[in-house]
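Below you will find one chain, with nothing else, as structure tokens; this is the form predicted on its own, and questions on how it binds or moves follow later.
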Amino acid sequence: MVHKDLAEFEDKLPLKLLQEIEELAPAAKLKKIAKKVLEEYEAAKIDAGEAVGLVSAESIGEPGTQMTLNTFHFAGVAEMNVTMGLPRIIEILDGRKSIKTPNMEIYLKSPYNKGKDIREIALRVKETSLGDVAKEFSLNIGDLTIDVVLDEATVKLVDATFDEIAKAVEKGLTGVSVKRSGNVLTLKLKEKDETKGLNELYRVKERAKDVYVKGVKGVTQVLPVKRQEEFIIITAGSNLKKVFELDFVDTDRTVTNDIHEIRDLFGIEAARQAIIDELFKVIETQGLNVDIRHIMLVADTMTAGGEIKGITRYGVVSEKASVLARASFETPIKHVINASLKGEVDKLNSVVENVMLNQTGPLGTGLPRLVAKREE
């Protein structure tokens, strides 16, 4: 329930605005401020018939021409880039399933967000392979075995045990038996053919280095950074589902830049919000000024069907009823031939096809039309 002074505005203003007025405005001036907010709110509404699609297209397109083609590189970490600028915008609007630089921002619970054991926590998130925790690999050609000496300190750092690592190696390597003695793992080939065996031994040694033993799969790099008053972990690679299983992670605020991953985990509404946030982040970083409502319209168009559809010939454009509109985007000959084979009719009720035919397009939805009934 809102304050009694705001009751008359309940059907005129959104509840969120009313709550903000109640929180932030002094009690004596609630009514006066609500009136002013209502004026602003009415002025901000779009008139019926306004061509919102076109306005959005030009409002995003024009500043888009001033974007740079950059990737942002984190200092001090090899292979840790984040795609920014125009390439990132294209990636989001195309609705691509595999993106160039997936990454997460992992927020931590107290006391870790104050910097407690931050290095150890970060290492627990990073995907650790056998090569990361091994001191040396030595080959015994006579017995066709490989001895892997594990580094005790590193194993402790990544919160693993020797037994855990032995099990992970056995699971990750086929055709190999694993025995453990102290901090040494002995990998023995099950194949006994000498000529084949020697080549296979070298192959197994190289494969063993990449066997996953601990951490979150898919996270190749981690970087703890201080943001305002707290520490967060930025990652290269994304696996939100597994990260949420870690007890020190603040699941309410941790995010990924992979929109399809968000769609799979949280559904289409969350994916729509992620598209808005990601687009807005890129546009803001570039120092451009685009109203959030234009971005919201694009996100709505991409997610209206319950799936993420890119603004490409395979996504949103493929669903257009008009042959000419589909043909104007890409591969015109294919569309025209297919339409003529089916005998399609173009009703010319959208903008693109009317522009092609040099006539006024039926701009703006939501306009009422008056039709008089004619006498027979």
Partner chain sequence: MAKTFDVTKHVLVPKHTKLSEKERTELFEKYVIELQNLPRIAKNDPVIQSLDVKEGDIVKISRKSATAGETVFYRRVSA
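Basically, rigid core = biggest C-alpha set you can superpose within 1.5 Å across the two forms. Residue numbers count along the first chain shown, from 1. Not measured: the values here are computed from a predicted model.
The discussion below concerns the form predicted in complex with the partner chain, not included here.
Scanning 182, 306, 287, 111 against the partner chain in the predicted complex with a 4.5 Å heavy atom cut-off leaves one residue, 306. For the options 166, 198, 123, 265, the one in contact with the partner chain in the predicted complex, meaning a heavy atom within 4.5 Å, is 265. Residue contact with the partner chain in the predicted complex: residue 293 places a heavy atom within 4.5 Å of it. At a distance threshold of 4.5 angstroms between non-hydrogen atoms, residue 249 is in contact with the partner chain in the predicted complex. Put simply, residue 24 is far from the partner chain in the predicted complex: not one heavy atom of it is within 4.5 Å. Proximity of residue 362 to the partner chain in the predicted complex falls outside the 4.5 Å heavy atom cutoff. Proximity of 58, 96 and 351 to the partner chain in the predicted complex is absent: no residue of the three has a non-hydrogen atom within 4.5 angstroms.
Here the chain stands alone, but in the predicted complex its contact with the partner chain, taken as any heavy atom within 4.5 Å, falls in 295 to 303 among 88 to 96, 114 to 122, 295 to 303, 153 to 161. Contact residues in stretch 329 to 359 (any heavy atom within 4.5 Å of the partner chain, taken in the predicted complex) are absent; none meets the cut-off.
After superposing the rigid core, the C-alpha of residue 334 moves by less than 2 Å between the shown form and the other one.
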